[in-house]
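The chain below stands alone and is given as structure tokens, in the form predicted alone.
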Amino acid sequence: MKAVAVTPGKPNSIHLVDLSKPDVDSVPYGRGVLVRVLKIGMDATDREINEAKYGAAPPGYDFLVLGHESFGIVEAVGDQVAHVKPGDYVTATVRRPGGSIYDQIGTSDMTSEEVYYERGINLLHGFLTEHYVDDVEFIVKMPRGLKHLHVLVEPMSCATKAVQQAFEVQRRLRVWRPKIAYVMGAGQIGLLSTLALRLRGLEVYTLARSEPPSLKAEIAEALGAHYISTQQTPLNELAKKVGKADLIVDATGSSAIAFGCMQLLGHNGVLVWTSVTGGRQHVEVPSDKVNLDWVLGNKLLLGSVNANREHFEMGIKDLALGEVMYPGVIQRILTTPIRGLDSYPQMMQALMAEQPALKVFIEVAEG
């Protein structure tokens, strides 16, 4: 069967490879689930792996199959699988356990080990192929009524986790009622973070460089947020006008913005970094001022990466509620369908364009 892969460490090495179709019995103890891939979402992570910024092949291979945002239909299950059956729509988590205590209790996104295993990213093949098999522990059933949102579940799980983790750590304050949130960036994670925050009742300002009118601005405002172009309104002016944020989610992939927005956070606030840059940029920050403000203001910086099964299930609930609260809005994120695995050059062009598509996804099969 076909798969789309890269040669880690070699820039612009994306190519087709041929793999054997997996067998449901390759997972021991009757826990296997065989999935026929229908759609795979692609994002900046895939682009950066193809640019050789990071990523590693599984042991015994000189290539890494891409794709970590999956949507498919179950074809077969092992005899110990109960919660999914053939014909069910499913997605799959991305991170896989190592050996730490966190890995063993189902929170592999919190692993304490330096080496991590992520499908399509590091040391494990991804989902950009025709079929895959995985342990039922990592298979998440999707409601049939959300099939039109397909590959958005994985990025939604990351956005939901980022917001949930902020609330979780702020239990230290006994009472925390955030009112104002800034979301830095209006890509898929930024817009889905906007959704998660709006569903929790916050006044949300979604910031990006591009000036309205634009699709990103329309989606953010349709979710009840305020879209702010930083070309028109500098960050310090926004903070003076509406107040500093109680909660900031950075989803820009820019270290300059990630560090810069530290000065926009109010007392007892949380700044969540969700993106990585994979680059070597150096930025200057007013470190003494930041240190003073953060210590005296009891402020918190939180890194949030990937998501475990619980966050996937929470993300699906957020998508379902979002469909009720803002009908038809979320689907507008899915801008750029590309038909077939053979069309990977067009996929990469869309990801590398000067103005990258909001959401690129590969239609692998009908279903």
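Given the structure is predicted, the values throughout are model-derived calculations rather than measurements. Position 1 is the first residue in the sequence shown; the rest follow in order.
Unshown form predicted in complex with a small molecule; subsequent notes refer to it.
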Q.
With the partner left out here, check for me: in the predicted bound form, does some heavy atom of residue 154 sit within 4.5 Å of the small molecule?
A. yes
Quiz prompt | 4.5 Å heavy atom contact, residue 45 and the small molecule in the predicted bound form | solution = yes
*Just to confirm, residue 308 within 4.5 Å of the small molecule in the predicted bound form by heavy atoms?*
no
Report whether the minimum heavy atom distance between residue 121 and the small molecule in the predicted bound form is within 4.5 Å.
yes
Counting only non-hydrogen atoms, the one stretch of 57 to 65, 315 to 323, 338 to 346, 37 to 45 within 4.5 angstroms of the small molecule in the predicted bound form is 37 to 45
None of 248, 158, 223, 208 but one has a heavy atom within 4.5 Å of the small molecule in the predicted bound form; the exception is 158
Heavy atom within 4.5 Å of the small molecule in the predicted bound form, from candidates 94, 128, 192, 162, belongs to 94
